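Starting off, we have a lone chain in the form predicted on its own, written out as structure tokens.
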């Protein structure tokens, strides 16, 4: 299979990854048979792993490694999560290949999971810390959408700030049944706990306000 990252992009990413503080593990779930973009997703993650000695990849099969999949609430493929240097899941998940524009949500997630955190205002962080119930944020994207990575990043930032929050990118065309279920006609579409729906790259304050109102 042809490499997805050309030499110029590889060079740029090596430079970006040199800022990483701690190790990050990508845990990928695929399955045999009918799995749209499983091979491509694995190929991309393998290429990324080669670009830094701080990035590691573990591969599992959704149907064979059931207990592993349960740990991270994996129900579809391809899906992968990021683990911090202690091997802990902080709620950062990708469903579908983070290619196209979504490389711009994938790379920052790796950097932040390594300990290079985005600065957020102290009062905002305090509000996020008070969230004490399970929150799932789905962000439906397409790979050609330039505004989608910003929404995915915000979901992931919230997840990394509070263990009760899970933020997941969902590639709308790969998972069209799920997209139909949530009437995804425009992207990014944000769905919080399967009931609150927002469209567009909303400010992170709007994400939080909707979560607080649950």
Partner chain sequence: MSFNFNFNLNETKKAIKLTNEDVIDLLVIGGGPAGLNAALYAKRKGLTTGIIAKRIGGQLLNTSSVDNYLGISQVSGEELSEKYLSHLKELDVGILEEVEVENIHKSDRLFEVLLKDGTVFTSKTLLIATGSSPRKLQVRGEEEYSNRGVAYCAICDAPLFKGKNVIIAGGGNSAVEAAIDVAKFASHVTLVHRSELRADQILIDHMNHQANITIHLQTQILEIIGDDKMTGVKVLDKQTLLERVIDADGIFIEIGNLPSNHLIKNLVSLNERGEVIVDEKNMTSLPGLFAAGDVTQMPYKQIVIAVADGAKAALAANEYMNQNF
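Residue numbers count along the first chain shown, from 1. None of the values given here were measured: they were computed from a predicted structure.
There is another form of the same protein, the form predicted together with the partner chain; it is not shown, and what comes next is about it.
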- [ ] Consider the chain as shown here, without its partner, and state which of 51, 161, 187, 26 has a heavy atom within 4.5 Å of the partner chain in the predicted complex.
- [x] 187
TODO: Answer with one of 46, 40, 68, 61: the residue that has a non-hydrogen atom within 4.5 Å of the partner chain in the predicted complex.
DONE: 40
Open item on the list: Checking a candidate spot here: are 103, 144 and 201 all in contact with the partner chain in the predicted complex (at least one heavy atom each within 4.5 Å)?
Closed with: yes
Task: Location of the partner chain contact in the predicted complex, chosen stretch of 148-156, 161-169, 53-61, 26-34 [non-hydrogen atom, 4.5 Å] - done: 148-156
Open item on the list: My question is simply whether residue 83 lines the interface with the partner chain in the predicted complex - judged by any non-hydrogen atom within 4.5 Å.
Closed with: no
Open item on the list: Is it the case that residue 19, even though its partner is missing from this view, gets within 4.5 Å of the partner chain in the predicted complex, heavy atoms only?
Closed with: yes
- [ ] May I ask you to check whether residue 108 falls inside a 4.5 Å heavy atom distance of the partner chain in the predicted complex?
- [x] yes
Open item on the list: Taking the partner chain as it sits in the predicted complex, is residue 12 in contact with it (heavy atom to heavy atom, 4.5 Å or less)?
Closed with: yes
